[in-house]
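One chain follows as structure tokens, the form predicted alone.
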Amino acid sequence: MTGEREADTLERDFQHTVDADQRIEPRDWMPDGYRRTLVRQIAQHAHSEIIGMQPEGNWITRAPSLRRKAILLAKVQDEAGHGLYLYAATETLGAAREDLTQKLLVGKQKYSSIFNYPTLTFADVGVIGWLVDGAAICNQVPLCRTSYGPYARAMIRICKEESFHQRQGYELLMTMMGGTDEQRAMVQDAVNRWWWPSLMMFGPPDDASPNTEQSMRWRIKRHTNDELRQKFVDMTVPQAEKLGVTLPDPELRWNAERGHYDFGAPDWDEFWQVVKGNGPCNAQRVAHRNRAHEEGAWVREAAAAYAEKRARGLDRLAQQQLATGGVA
């Protein structure tokens, strides 16, 4: 009975901290479910950053100018850094990065469904920056206030860089829309293909999202999937009008009574098929990640050998200093 009372007290104190908008830190007590939810969510986020390097990285060697190549290289490099921050955040929860990577490689953990679609033209690079990174910003800015401290702090830098990525993508599209008829057609085609997958990025509707209610109570999430989706649509429609493209939704219209845009429902059957591994590029993305992991084995081995050698050297130096009274 004493143990149960202690557990109840810890649970009550934890929820009080969360309700007061204070941060939970790695050494604080937390429910097992909270820890598991965070590991799952942050790992999926980290995997998405790493897999997300592939669709745009595919265009680095084919960028139309040195400037565009440099911009794309910098962006892909940023995504690798985001993955690193996030994997580090999972380690503060007791998760091993190697274990999470292995789960991704064998399909036991997911990444964002958006990265299972192909990039067919260079206009896709701009649309990914505008729509995909725009959706990511809507989803991730509230995470700067998530209840787990290391995750929230990592998201501050990530969101700053994602905001820059979105502006880069929009600038590319504005340039293309000021070009030839063929370039404008490329942009519109890319918008047509990426609009609905971008809406799916926020996850399933609230009534089909089993984790949302608990994540909201723990303040891991600050808004529901549908709330974030609405915010993204409201933000994007004026940008599309300025750009001069048409969003491919015949139900899209302003609702003065609600003060928001009405919009159609994505194809949720398609969403679940992609999540289950049956999207256009699922097999390709995971195969590429496995190949990169295998080819990078020598780098990991070299880094581990260097770290071990350095540790031995520091140990010998400490012993020498001890033997000589602190004089090296």
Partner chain sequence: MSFDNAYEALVEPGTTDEAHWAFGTGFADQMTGVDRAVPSDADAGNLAAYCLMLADDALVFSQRLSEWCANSPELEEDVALANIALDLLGQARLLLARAAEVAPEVRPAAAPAHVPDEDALAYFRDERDFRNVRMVEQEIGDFAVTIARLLLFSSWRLALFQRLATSRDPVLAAVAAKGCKELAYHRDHAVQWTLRLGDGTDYSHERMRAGLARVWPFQPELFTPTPVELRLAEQGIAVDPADVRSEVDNVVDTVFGAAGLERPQLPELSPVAGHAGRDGIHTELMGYLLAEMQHLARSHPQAVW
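Residue numbers count along the first chain shown, from 1. These numbers come from a predicted model, not from an experiment. Under this definition, the rigid core comprises the largest set of C-alpha atoms superposing within 1.5 Å between the forms.
One more form of this protein, predicted together with its partner chain, exists but is not displayed; see below.
Of the stretches 107 to 115, 254 to 262, 205 to 213, 236 to 244, only 236 to 244 has residues with a heavy atom within 4.5 Å of its partner chain in the model of the complex. Contact check at 4.5 Å (heavy atoms) against its partner chain in the model of the complex: none of Q15, V39 and L93 pass.
Proximity of A63 to its partner chain in the model of the complex: non-hydrogen atoms within 4.5 Å are present. Among heavy atoms of L73, some come within 4.5 Å of its partner chain in the model of the complex. Contact check for D226: no non-hydrogen atom falls within 4.5 Å of its partner chain in the model of the complex. Among residues of the shown chain, E161 is one whose heavy atoms approach its partner chain to within 4.5 Å in the model of the complex. Screening M186, I220, L100, M200 for any heavy atom within 4.5 Å of its partner chain in the model of the complex leaves a single hit, M186. For the partner-free chain shown, W298, V299, R300, E301, A302, A303, A305, Y306, K309, R310 of 298 to 321 come within 4.5 angstroms of its partner chain in the model of the complex, judged by any non-hydrogen atom. With the core superposed, A311 shows a C-alpha displacement of at least 2 Å between the shown form and the other one.
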